[in-house]
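Before any questions on binding or motion, here is one chain by itself as structure tokens, the form predicted alone.
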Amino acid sequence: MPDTLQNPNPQNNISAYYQTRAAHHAVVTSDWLAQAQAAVAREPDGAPDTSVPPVAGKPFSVIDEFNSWRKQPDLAEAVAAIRALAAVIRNCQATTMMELEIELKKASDSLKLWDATSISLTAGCDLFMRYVTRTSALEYEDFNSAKSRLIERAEKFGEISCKARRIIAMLSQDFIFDGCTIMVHGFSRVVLEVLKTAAQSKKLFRVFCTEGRPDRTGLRLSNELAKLDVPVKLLIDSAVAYTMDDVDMVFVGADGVVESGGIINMMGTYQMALVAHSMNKPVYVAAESYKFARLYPLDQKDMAPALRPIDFGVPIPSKVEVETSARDYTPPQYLTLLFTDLGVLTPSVVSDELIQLYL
């Protein structure tokens, strides 16, 4: 199948993710979540449709469609995959539901192979398949109406995923108070949206931003915050404990949220959470629900490795081993709350939400 393409830049076994660029009760009521969703719904959709237009004589490719959506700088890879899978249904030539589901499954597998180390990409594809195809009533309808229903559900899921970041940003605002100091790690689009929303609401706060070695993603976040006139201080990664006394809260993103309620994120998140926990500072996670993955790591080595290049600025002797893992696992006991488009959750409630998502 031509769509089963691998990562286009596989040199040095570096993950595509890093080559291209990171008590069972919900805390909020359903009314609060509904208000945030309603506020987002009133906003105009900012992202233009950049999907690949059909070319006469050229067969549809889910990888081409995926890559076209990825050109939008603010669009997450998982959302690009969701949009691409919706296009698969629209362009499918199948004549039965079984053929359509087989083609959709092949397309989903092709996207997951594009970067097998990306947790959010895999989780987004899996959740799309569950959300779109789980209506048993489809088996009793004629094929055309069933296909129309699938397209409708696919588009709906894409819209929900695109708006997730704004919903999270709005839900988090009551936790950011005037005069607070927030520590962040690396670059996260959803954390940037949280801070941007707070700045636009005229809240007065400052941000301590770690450098995010070795790819220095923290530099990018500090530049974005400076454009918003948010007071920001750039820290070397090893200064986390030194500056934690001056911090009121920690905000981080996540590559994936796992069944235990813990998170897998950029290397250094775990040690930041450990320091914050030891000094009684809350650790908040901002993550979209399409990053909820059916994984249960028991320790740091119990997950697929995602590698990234390491440049120390000087030659390293061949006998010296270099740790190139790109991410670590933070257990749930070191996290305070998770801000998601499903609501604000305690880590212990994540497993219940995962059951609902994958049912």
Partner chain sequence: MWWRSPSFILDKQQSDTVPHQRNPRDTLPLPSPPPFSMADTLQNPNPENNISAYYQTRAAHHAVVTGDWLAQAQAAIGRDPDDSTDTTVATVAGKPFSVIDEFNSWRKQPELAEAVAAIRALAAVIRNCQATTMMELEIELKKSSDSLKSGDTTSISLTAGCDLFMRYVTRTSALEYEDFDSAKSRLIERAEKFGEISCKARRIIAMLSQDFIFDGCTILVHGFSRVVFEVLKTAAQSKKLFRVFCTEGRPDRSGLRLSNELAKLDVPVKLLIDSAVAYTMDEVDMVFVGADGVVESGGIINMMGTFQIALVAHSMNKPVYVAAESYKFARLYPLDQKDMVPALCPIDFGVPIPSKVEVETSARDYTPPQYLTLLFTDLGVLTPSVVSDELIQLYL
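Positions refer to the first chain, counted from 1. Fair warning: this is a prediction, and the values are worked out from it, not measured in the lab.
Missing here is the form predicted together with its partner chain; even so, the following discussion is about that form.
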Interface stretch in the predicted complex with its partner chain - options 73 to 81, 108 to 116, 95 to 103, 230 to 238, non-hydrogen atom within 4.5 Å: 230 to 238
Contact with its partner chain in the predicted complex for Cys162, defined as at least one heavy atom pair within 4.5 Å: yes or no? no
Give a yes or no for Ser188: in the predicted complex, does one of its heavy atoms lie within 4.5 Å of a heavy atom belonging to its partner chain? no
Heavy atom to heavy atom, is Ser148 within 4.5 Å of its partner chain in the predicted complex? no
Heavy atoms within 4.5 Å of its partner chain in the predicted complex: does Pro214 have any? yes
Residue among Ala154, Ile176, Val88, Met267 with a heavy atom within 4.5 Å of its partner chain in the predicted complex: Met267
Can you tell me which residues in 264 to 281 come within 4.5 angstroms of its partner chain in the predicted complex, by heavy atoms? Met267, Gly268, Tyr270, Gln271, Leu274, Val275, Ser278, Met279
